[in-house]
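The chain below stands alone, shown as structure tokens; this is the form predicted alone.
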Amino acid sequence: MIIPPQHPRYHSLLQREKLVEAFKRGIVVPQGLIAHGRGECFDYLIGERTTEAAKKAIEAAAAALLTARHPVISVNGNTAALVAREVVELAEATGARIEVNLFYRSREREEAIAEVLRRAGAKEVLGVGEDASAMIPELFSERRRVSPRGIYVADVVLVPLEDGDRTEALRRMGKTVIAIDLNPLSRTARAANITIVDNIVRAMPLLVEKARELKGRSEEELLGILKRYNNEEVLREALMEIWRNIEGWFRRGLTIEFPKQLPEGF
């Protein structure tokens, strides 16, 4: 499908087409398409832009990855379809390893995602086949299977487009978890140490840029960034941004007529 650049929803439609194509190739599952649509709703609410709160989280995320001993970037189908090149660039900038981790896991899908990452420049992709031999305790989905050289021994894990169960399980293991989640109220957003409330296609390039910028800084300076960071404050700012946007729409003339009486049984 050819999407004219002049279309007001050009970037959004382009993301959808990438995901649909990845679905046809076995990289994305149908549930991933639903999850993306849910995220788009929150993207509208934050104004489809990277907020100041998200920029704070991006800076902290870059600092966490750069000061980690064993940083790992976890990749699912949607992430591979939308930002494979940026995943590889971030790994190179921070020394992080890349690992495939899936809720809907099959060997064919693991291999397909790994191939996307290798084509984007990844030299090594963990978590495929027999490499996913370690288990995350107290987690019962297929996401529990991880590489003993990757997520299992990582101290910092970036989990873009994540489910809350694994985020909570990784926290219980003592790991620092960085999430990219458009919903500031999700379990993932609230359980992570650092939550970037932004669209992954905007957040990942900025995270790569910030990691490159901070790479030459001292460890003391990077740890200072982390010490000053407050994830609850960032989530509150994200929610306030949503509220300000809604107020702005009403001030600009948006009207909604609510029924005087709710239907019976509502």
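Remember, it's a predicted structure, so these values are computed and weren't measured experimentally. Quick note: we count residues from 1 along the sequence shown, nothing fancier.
The following text describes the form predicted together with a small molecule, which does not appear among the structures shown.
This chain appears without its partner; in the predicted bound form, the one residue of Arg217, Lys55, Arg38, Arg212 with a heavy atom within 4.5 Å of the small molecule is Arg38. Remark: of stretches 38 to 46, 59 to 67, 218 to 226, 237 to 245, the one touching the small molecule in the predicted bound form is 38 to 46 (heavy atom within 4.5 Å). Every residue in the set Asn78, Asn183 and Ser186 has a non-hydrogen atom no more than 4.5 Å from the small molecule in the predicted bound form. In the predicted bound form, none of the heavy atoms of Val208 sits within 4.5 Å of a heavy atom of the small molecule. Among heavy atoms of Asn230, none comes within 4.5 Å of the small molecule in the predicted bound form.
Taking non-hydrogen atoms only, Arg190 never approaches the small molecule to within 4.5 angstroms in the predicted bound form.
For the chain shown alone, Asn101 is a contact residue for the small molecule in the predicted bound form, at least one non-hydrogen atom being within 4.5 angstroms.
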